[in-house]
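Encoded as structure tokens, the following chain is the form predicted on its own, with no partner shown.
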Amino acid sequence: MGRAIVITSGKGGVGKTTTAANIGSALAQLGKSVVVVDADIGLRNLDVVMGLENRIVYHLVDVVRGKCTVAKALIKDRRLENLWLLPASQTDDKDSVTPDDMKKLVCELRATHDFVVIDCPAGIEQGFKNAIAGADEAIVVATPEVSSIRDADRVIGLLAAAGIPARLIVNRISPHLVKRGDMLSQADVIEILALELLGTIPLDEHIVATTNKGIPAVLENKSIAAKEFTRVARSLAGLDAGAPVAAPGFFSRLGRALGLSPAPTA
């Protein structure tokens, strides 16, 4: 059986879909059989990010409702022979699928693929509950911003309550802004969220360009961000050691002010 990994954050716009597309593609480049699942019913975007939007015939809700088999709904990526997409529906709502539906679907996909990467919708309502239902583990994506960290902290608590282990990706971090004191560092985010670091993705205009072209950045492998996504995939595949946890940072007091990290003990 394969591993089901949900990519989540709570807050929208932090790069979950880009992360799912790049990690899924990088795992496929490593020879793993991968299906990426868009669980954002009604607001699908993973197909666009992967450049597969024109090939959709069936979608996740069709599978759940028995209108087609999983095999018919899967879209094979022509660039990587072992990568598939299961798109979301654009016309249904999140109540069209239940957590039990997702558990059954993910179980079926795990039986035929090494990795099932699930792109979770924003928020913590029904769409979130559906997306995490069949997951073995989670990757929480957070940007070094107060609003993102607050939402990520909430999601981490919900994942813990569901018994789903989670690791952290800090996305869109700028060493220049960190050095200037205008952005939280990865160490600050780690200390506030108290989560194991899986990867740190730098702020990179190449990611924006490749996303707009429907090409996961790892396929071109021209940027630092793409190389870090590949390193994360190697770690998930057990080919590299996990990313080291950075030392505590200056802004940890901000987390305490927000009620997100414990105050120091005497």
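Quick note: we count residues from 1 along the sequence shown, nothing fancier. Please read these numbers as outputs of a predicted model, since none were measured by experiment.
The form predicted in complex with a small molecule exists for this protein as well; it is not shown, and the discussion that follows is about that form.
Next on the checklist: Heavy atoms within 4.5 Å of the small molecule in the predicted bound form: which stretch in 23-31, 50-58, 63-71, 204-212 meets that?
Outcome noted: Careful reading of the contacts points to 204-212.
Item to check | Distance check, residue 183 to the small molecule in the predicted bound form, heavy atom within 4.5 Å | outcome: Judged by the heavy-atom cut-off of 4.5 Å, residue 183 is well away from the small molecule in the predicted bound form.
Checklist entry - With the cut-off set at 4.5 Å between non-hydrogen atoms, does residue 171 touch the small molecule in the predicted bound form? => result Residue-level check for residue 171: yes, a contact with the small molecule.
Checklist entry - Would residue 122 count as touching the small molecule in the predicted bound form under a 4.5 Å heavy atom rule? => result Residue-level check for residue 122: yes, a contact with the small molecule.
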